[in-house]
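Next comes just one chain, in structure tokens: the form predicted alone.
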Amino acid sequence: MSRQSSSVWAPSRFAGRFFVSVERWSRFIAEHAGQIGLLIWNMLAACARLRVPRRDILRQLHIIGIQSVPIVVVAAALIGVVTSQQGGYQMQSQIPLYIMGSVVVESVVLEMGPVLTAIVMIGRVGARITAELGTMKVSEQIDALQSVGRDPVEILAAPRVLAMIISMPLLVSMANLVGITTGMISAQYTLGLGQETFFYGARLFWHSYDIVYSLLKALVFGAAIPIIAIHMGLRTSGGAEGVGRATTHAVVFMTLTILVIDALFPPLFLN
């Protein structure tokens, strides 16, 4: 009797644990989505009321944009070299080499430039934003701002988001240019592909919309990264350990978000 009852109750216990897990994750996702939506609304309201300090925007433009140029240039140069070398290895003696021009240009502009620039910015800027705001949260500096009537969204959140939205298309444009240049140079030295032949192949499959697609990706990535970083920073609790935990979770969430957005772009904007 006991064996039969236990076998009957086993599926019900599994179903109970399953629904509890679904309920917990649904609540978790809804909580984050609601807080992010409220954060976006408050930032839009602050921008509409012209309450965002321009001095803070310029300061964040220097930190986020100008100081990120060296690492973005290095990453883009390596992107171009790797794309050219791998493409040449796979296509040599099978199809005309001038196709390498199209492979490098389209790969860098449509995919590698925006996505890897976003990944670099997650590590350099996104983690920094989360750590800064998380430290301010656990040390009660944000509470102090609110106690004197200052809105943390206007002072801390909106300038970082605006600076990232402005900087990201410029950085991606620079990454595209550097990646194409280094890809062309690499093809010239490793495959013997001249500049005229390289650009002839690039023009065969080039569409003017490709650059719009690349910059649109940059804009979306530039908004998603700081919003998630700020959201995770403002949720931080638990002292120094909590700051580290929030920064780690923020990097994971930002990376997954960028990859999901990147996967949604082709069916939405290329078809």
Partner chain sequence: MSVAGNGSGPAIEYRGVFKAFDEPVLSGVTLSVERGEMFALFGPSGTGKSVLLKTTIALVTPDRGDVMVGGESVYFGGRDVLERIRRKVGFVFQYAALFDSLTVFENIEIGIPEENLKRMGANAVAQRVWESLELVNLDPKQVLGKLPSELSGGMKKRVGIARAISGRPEILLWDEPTTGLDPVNTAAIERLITQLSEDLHVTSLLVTHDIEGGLDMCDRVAMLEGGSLRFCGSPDDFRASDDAVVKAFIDRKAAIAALDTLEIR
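From a predicted model like this one, the values you see are computed outputs, not experimental measurements. Positions refer to the first chain, counted from 1.
Although not depicted, the form predicted in complex with the partner chain is the subject of the following passage.
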Self-check item: Contact residue in the model of the complex, from Q195, T181, Q85, Q141 (heavy atom within 4.5 Å of the partner chain)
Solution: Q141
Quiz item: Since exactly one of R51, R245, R203, H62 fits, which has a heavy atom within 4.5 Å of the partner chain in the model of the complex?
Solution: R51
Practice problem: Sort through 164-172, 133-141, 104-112, 68-76 and report the only stretch with a non-hydrogen atom within 4.5 Å of the partner chain in the model of the complex. | Solution: 133-141
Exercise. Indicate whether Q188 is a 4.5 Å heavy atom neighbour of the partner chain in the model of the complex.
Key: no
Exercise. Answer with yes or no whether A127 is in contact with the partner chain in the model of the complex, where contact means some heavy atom within 4.5 Å.
Key: no
Self-check item: is_contact(L145, the partner chain) in the model of the complex, heavy atom dist at most 4.5 Å
Solution: yes
Quiz item: Quick one: is P96 in contact with the partner chain in the model of the complex, heavy atoms, 4.5 Å cut-off?
Solution: no
